[in-house]
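Just the one chain here, the form predicted on its own, laid out as structure tokens.
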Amino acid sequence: MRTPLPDDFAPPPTPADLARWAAADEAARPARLARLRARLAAEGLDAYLGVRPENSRYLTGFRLGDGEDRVAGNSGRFLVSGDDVVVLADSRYTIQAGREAPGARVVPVTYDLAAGWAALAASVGARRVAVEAGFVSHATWVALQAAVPDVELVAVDGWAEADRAVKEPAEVERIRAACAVADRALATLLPEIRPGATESQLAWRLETLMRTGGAEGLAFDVACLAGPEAALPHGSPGDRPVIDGAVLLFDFGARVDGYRSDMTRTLFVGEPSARDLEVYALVARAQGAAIEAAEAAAAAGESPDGRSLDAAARGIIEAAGHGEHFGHGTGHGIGLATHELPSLSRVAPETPLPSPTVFSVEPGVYLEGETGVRIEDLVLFDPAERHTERLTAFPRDVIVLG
């Protein structure tokens, strides 16, 4: 096949795109809040205390930079009641919160959330509060309980995340744009890949190409793994050189207006071995089987569960005798977070996948000390419209470089 070129893929988003997406979020936010409030009412709860940055952006508009929650203290945490939305912000974030969350009441906060908990709960009339317990430390939970014993904290899990799994059109557009940024970056990098270049050098170059090609940042750190190191599903690049006659695995993603892409390509540098080609063909068949199962279900207006799509890929790898060399799940949802609902795995919920949603399909085979192959694409799955779309446009064919 012809080696992909950068111009094969969509150009970066324009300022007009960013403005349109911001308007779409603002228009969608009341419905997002209404769904959360309906669930609160159904559960007999008065308010929802959120701490995840992705949920804060989704429900209030306030944005923390990637990883900034580690230094932001309690800023960005939020409280939603039946008729109020509160965003907490210390002095570093007050102006920003006012700009980005104009429909919310911005309340000053310190690093001691418990110190202001009584006033905050009273301001929304909350006696029973849903809390994103999986993301609140035990120490914070105990401190909040001790500060106001009369306010009951109720642990909840996955409420906002389940809502985020159903993608709005403007969300899909941003994921598609992030995919195009990554596709174009890898196509630009291909001529620079040759024996002797190191994993770290290529990873840094790929990061630079994404950042200068339309991404506001990375979805996650770039993985570039040569030869036997490709057997590490989440390995990190080092000073190891690209090996003539061995695989070179890239796992990477771009972030565009908060939304992420995630793709893996296993390339060949120099003449590939028969073993590596065989493993690649196996993984490609497994990935194709899962995508085809999703396409068939969507065309019929049906929504399978994540276990069945995982089984479609895993069954092919197991039949080839490599079941023990494929340990992770077949896929995961993606959006404001790189890994979110829904799950495609052996332990995924036995409930229909949401619609429309976006998930990865990424089977792999890893032979310790020898080689590793993974192929990963993002798929839009929309059985309500009887539609699927592979958002990752970079080819999946065997690509031999050098």
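Everything numeric in this text was worked out from a predicted model, so none of it was measured. We number the residues from 1 along the sequence you see.
Keep in mind that the form predicted in complex with a further copy of the same chain is not shown, yet the notes after this line are about it.
Trainee: Pick from V71, A319, A300, A146: which residue has any heavy atom within 4.5 angstroms of a further copy of the same chain in the predicted complex?
Mentor: Of V71, A319, A300, A146, the residue with a heavy atom within 4.5 Å of a further copy of the same chain in the predicted complex is V71.
Trainee: Taking 4.5 Å between heavy atoms as the contact cutoff, choose which of Q201, T208, S123, S273 touches a further copy of the same chain in the predicted complex.
Mentor: It is T208 that has a heavy atom within 4.5 Å of the partner.
Trainee: Taking a further copy of the same chain as it sits in the predicted complex, is E161 in contact with it (heavy atom to heavy atom, 4.5 Å or less)?
Mentor: Contact check for E161: no, nothing within 4.5 Å of a further copy of the same chain in the predicted complex.
Trainee: Residue-level contact is defined here as any heavy atom of the residue lying within 4.5 Å of a further copy of the same chain in the predicted complex; does F78 satisfy this criterion?
Mentor: F78: no, not in contact with a further copy of the same chain in the predicted complex.
Trainee: Using a 4.5 angstroms cut-off on non-hydrogen atoms, would A231 count as touching a further copy of the same chain in the predicted complex?
Mentor: Result yes; A231 sits at the interface with a further copy of the same chain in the predicted complex.
Trainee: Does the 4.5 Å heavy atom contact test between R128 and a further copy of the same chain in the predicted complex come out positive?
Mentor: Looking in the predicted complex, residue contacts with a further copy of the same chain do not include R128, since no heavy atom lies within 4.5 Å.
Trainee: Each of E43, T351 and D397 having a non-hydrogen atom within 4.5 Å of a further copy of the same chain in the predicted complex: is that the case here?
Mentor: No: none of E43, T351 and D397 comes within 4.5 Å of a further copy of the same chain in the predicted complex.
Trainee: Looking at 93-101, 162-170, 78-86, 187-195, which one sits within 4.5 Å of a further copy of the same chain in the predicted complex if you count heavy atoms only?
Mentor: It is the stretch 93-101.
Trainee: Does anything in 121-138 come within 4.5 Å of a further copy of the same chain in the predicted complex by heavy atoms, and if so which residues, in order?
Mentor: The stretch 121-138, when checked against a further copy of the same chain in the predicted complex, contributes A133, G134, F135, V136, S137, H138 at the 4.5 Å heavy-atom cut-off.
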